[in-house]
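In the form predicted alone, a lone chain appears below as C-alpha cells.
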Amino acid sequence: MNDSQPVAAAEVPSVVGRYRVIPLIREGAMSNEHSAVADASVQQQLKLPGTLVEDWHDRAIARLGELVASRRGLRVFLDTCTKCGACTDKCHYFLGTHDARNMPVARQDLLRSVYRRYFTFAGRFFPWLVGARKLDKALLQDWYNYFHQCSECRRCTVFCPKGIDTSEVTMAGREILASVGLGQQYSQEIITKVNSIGNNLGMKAPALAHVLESLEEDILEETGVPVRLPLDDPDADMLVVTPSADFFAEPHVDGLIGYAKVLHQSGIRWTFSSAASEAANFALFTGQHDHMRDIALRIRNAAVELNVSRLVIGECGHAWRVAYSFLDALVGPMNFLEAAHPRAQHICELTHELLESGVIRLDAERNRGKVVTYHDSCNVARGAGMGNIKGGQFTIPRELLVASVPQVIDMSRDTTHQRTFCCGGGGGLLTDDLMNVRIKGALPRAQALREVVTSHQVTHLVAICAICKTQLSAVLPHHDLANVQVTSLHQLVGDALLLDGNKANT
C-alpha cells in the first residue's frame, strides 16, 4: 500500500459556493488515499487471514460468489444498474474530491465489473461489451482505496430510480478484502476491543466506574442535585447503552450528562453495563455479519443478566440503525422487554415521551443566545425510524430542540431529512489516515451550514451521532467554520431541564 498524502492547505476545497455545482473531474485524484491495513494480530483475532494470502485471487472470487448467492439484494444491485447518472452528483466524496471513482456508480463498478467477468454469460464470453474486468492486483488496490472512501451513507440510494444500495456493495467489497487478508486497521481493531472488553475504547470496568463517579461529582457541583450515573445496578429496570465516546470526550460527555439529568428527573431506575458499555457496532461498516451479531449479542446478554425490562440506545447513528433495523434478526426476539416498550428505544424517543407526558419540563430560556441548526445523521435519517409515527426520526429530535432552545434554524431542505449530507467521517473513515478524504467529504455539509451561519447567525450545530460530532468538530475549522460549536442534542436538553433534587435514582 502506498503512503497516504498529507493534507496541504491548497487541497482543502473552498466552502464558498453552491454544493449543487457538479465539479470538474480530476481522474485518480484520490487514488493514493487509503487507511492502514489491519495488523496480522488484529485480523487473526477476528479469525481472518493476517496478511494477503497467496491464493488471494481465487479466494476473492469464491467469496464474491458466496455473497451474491446468499444476499439476493446484492445480486440485484449488481445486475440492475443502467448507468443513468442519477447518483453522479449525490455523493459528498465526489463533490469534495472531484475523483470520478467516487461517483457511486463508478465505485460500484469496481466490484460490478469483476462480478460480470466471472458470474455472467456476457462477461465471460464478451467482456468488452459489458465492461467486465479480471481481478488483478491493481484493481484489488483500487478496491481497498475506494471502498474506504465511501461512508455507506446511502444518500445516492435516495436518488437512484432502481433503489440500488451502494452501501451493500461497499460492505461486500470490504468483506471480500478482509477475507483475503486486507482488513482495515481502524474498524477491525475497534471490533476486537468491543469483543474482548465491551467497548470501542478498551476501557475496563474500574476505569469506567471512575469516569462515572467523576461525572456525578461534576453534576452535583454544577446543579446541587445528586444525579447518579449507575453501573451494573442489579435493581435497574432500564439498561442504557451509549457510544463510548460519551464517556470521555467533548462534546459527547455533555450529552451523557444530559441523559443522566433526564433519567434522574424521570424517576426511572436505570444503569449502564460494564460488560456491554458500547452501543456502536463497527461490524456494520465492515460487512461481517457474524461480527455484527456477536457485538449485538453482548447487549442482549447484558440486558438479560441485569434483568431489565427496557433498553435505550444513546446518541449514536449506526448503533441506532442496528438496534432499530437488525437487532431482532441478529440475536432473536427481545421478548424479555416489557409490552409497552417491546423494542429498543432511542434516548430521544424516551426524552420526547417524558416531555409529552409532563414528567420532565424544559425551559428554552436557559439556552438563550444560542442559535441552533440540526444535522440529520445518515444512519438515523435513512436507516431507522423513531417513535410510532412516520418520519419520527426527523420530527422528534427537532421538537426536543424547539423545546430546549429559543431559536432553531433548519439548513436547506435538500441537505436535511432523508436527503441529508453525510458528515464525511462515517462508515469506518474516522481515522487520521483519511483526514484528507474526511475534510473534502465534509464540503457539502459545510456549505449548507455556512448558508445558515451567514443568514441567521447560527452558533451551534447539533447532531445525535458520535461519529458526526467527532468528525464535524475536527473538519469544520478547515472550512472556516471554527466558530460553530458542535453540540450533543442532550446537552441542550440537559441545560434546559428543570431538575428536582428529590428524584435521585436510589
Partner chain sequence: MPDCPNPPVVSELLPGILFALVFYWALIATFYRAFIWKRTASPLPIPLTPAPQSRAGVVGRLLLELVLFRSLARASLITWVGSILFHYGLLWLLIMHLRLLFPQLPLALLPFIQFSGWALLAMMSGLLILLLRRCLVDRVRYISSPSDYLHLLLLMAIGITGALIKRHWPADLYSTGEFLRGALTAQWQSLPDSASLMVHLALVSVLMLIFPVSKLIHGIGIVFSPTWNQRER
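Computed from a predicted model, the values in this text were never measured in an experiment. Positions refer to the first chain, counted from 1.
The same protein also exists as the form predicted together with the partner chain; that form is not shown, yet it is the one meant from here on.
- Although the partner is absent here, residue 390 lies within 4.5 Å of the partner chain in the predicted bound form, judged by heavy atoms.
- Contact annotation: residue 58 falls outside 4.5 Å of the partner chain in the predicted bound form, judged by heavy atom distances.
- Contact annotation: residue 299 falls outside 4.5 Å of the partner chain in the predicted bound form, judged by heavy atom distances.
- Heavy atoms of residue 347 never reach within 4.5 Å of the partner chain in the predicted bound form, leaving it off the interface.
- Contact annotation: of the candidates 230, 181, 226, 385, the single residue with a non-hydrogen atom within 4.5 angstroms of the partner chain in the predicted bound form is 385.
- Only one of 196, 307, 357, 80 lies close to the partner chain in the predicted bound form, with a heavy atom inside 4.5 Å, and it is 80.
- Stretch-level contact analysis of 377-385, 399-407, 231-239, 420-428 against the partner chain in the predicted bound form, using heavy atoms and a 4.5 Å limit, identifies 377-385.
- Interface residues of 49-72, taken as those with a heavy atom within 4.5 Å of the partner chain in the predicted bound form (partner not displayed): 68, 69, 70, 71, 72, in sequence order.
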